[in-house]
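Read the single chain below, which is given as structure tokens and is the form predicted alone.
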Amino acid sequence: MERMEKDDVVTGAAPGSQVSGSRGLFLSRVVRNEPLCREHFRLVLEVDDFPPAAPGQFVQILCAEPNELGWTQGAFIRRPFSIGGLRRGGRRCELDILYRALGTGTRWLSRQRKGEPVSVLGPLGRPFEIHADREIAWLVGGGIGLPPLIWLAQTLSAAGRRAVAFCGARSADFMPLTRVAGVEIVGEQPVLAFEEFASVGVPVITATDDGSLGAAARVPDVFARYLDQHAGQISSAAIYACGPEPMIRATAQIGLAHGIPTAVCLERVMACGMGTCQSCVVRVHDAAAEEGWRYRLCCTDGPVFDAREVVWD
């Protein structure tokens, strides 16, 4: 592999996060690229000298054959992908990318095999902030929004924090997690074991739209029921959410109603990932603005935002 260039412009990392603000363009190599469930894949990329990064940050991947400079001759734009895990060994770093193969670019990505080159730009964006005064983390995610929460669960476990994950999908065959044996009941909630969370001791409460796995409900509704049963933990908890915007909005409203610090990792179409194209706007509250709100960029001001900042209407 070859590192192509480096840009030390600060990306705006969240307070308390261990990130340097540096980013670079890298020619990575595929380690594994395996199907997880219907239309979903786990891609592991090996990169040399990848800068420090934290859960919530993302990379922009060129979903086309790169040339020797890490670019392509065709009219392709990069796609944003959350980092779902990161492991270091000397100069080398492995990145976990979980994605759904739907369009031309992601279908190209699904065909890449071990040893093939993939151009990666990153790390980008602002990560989650782990609250020093909150010992419990509730992780609420859906579908392709799960990767940053998987990495966050690993980070929280390493820091000695307790966590419970609430994972939703359309149906069992769209749940991009690896099921392992084991079911228990917590209150009225069925808790399933998935390798990605079980490996760090985090139980998963699951919901699917059709009831084919876990509860037949929306994941925010399952989370709200859990909250009612564990009201005594509210003052010690923080919420971290990522997934489809209706799911994030409902989760944020639950957190705001109970006064729980809530961080949301938003999804937007991003052409550049570095604030140049201005395509990934998010409306945030601003009392000084004439309308009471203004735009911020998901790629550089986010993708992680405090739920209190976002205009949800």
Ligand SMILES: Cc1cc2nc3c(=O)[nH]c(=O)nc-3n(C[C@H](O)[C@H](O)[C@H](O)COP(=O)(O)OP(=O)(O)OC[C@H]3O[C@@H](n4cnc5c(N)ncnc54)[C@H](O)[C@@H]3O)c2cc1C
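This structure is a prediction, so every number in the text was calculated from the model and none was measured. For every residue, the number given is its place in the sequence shown, counted from 1.
We do not show the form predicted together with the named molecule, though everything after this point is about it.
Chemist: Heavy atoms within 4.5 Å of the named molecule in the predicted bound form: which stretch in 201-209, 222-230, 105-113, 129-137 meets that?
Modeler: Selected stretch: 105-113.
Chemist: State yes or no: in the predicted bound form, is some non-hydrogen atom of E46 no more than 4.5 angstroms from a non-hydrogen atom of the named molecule?
Modeler: Contact with the named molecule, no.
Chemist: Quick check on F81: any heavy atom within 4.5 Å of the named molecule in the predicted bound form?
Modeler: F81 belongs to the contact set for the named molecule.
Chemist: Can you check whether L98 is within 4.5 Å of the named molecule in the predicted bound form, heavy atom basis?
Modeler: L98: yes, in contact with the named molecule in the predicted bound form.
Chemist: Taking heavy atoms and a 4.5 Å cut-off, does V269 contact the named molecule in the predicted bound form?
Modeler: Looking in the predicted bound form, residue contacts with the named molecule include V269, since a heavy atom lies within 4.5 Å.
Chemist: Name the single residue among I239, C93, A165, I144 that comes within 4.5 Å of the named molecule in the predicted bound form, judging by heavy atoms.
Modeler: Spelling it out, the residue with a heavy atom inside the cut-off is I144.
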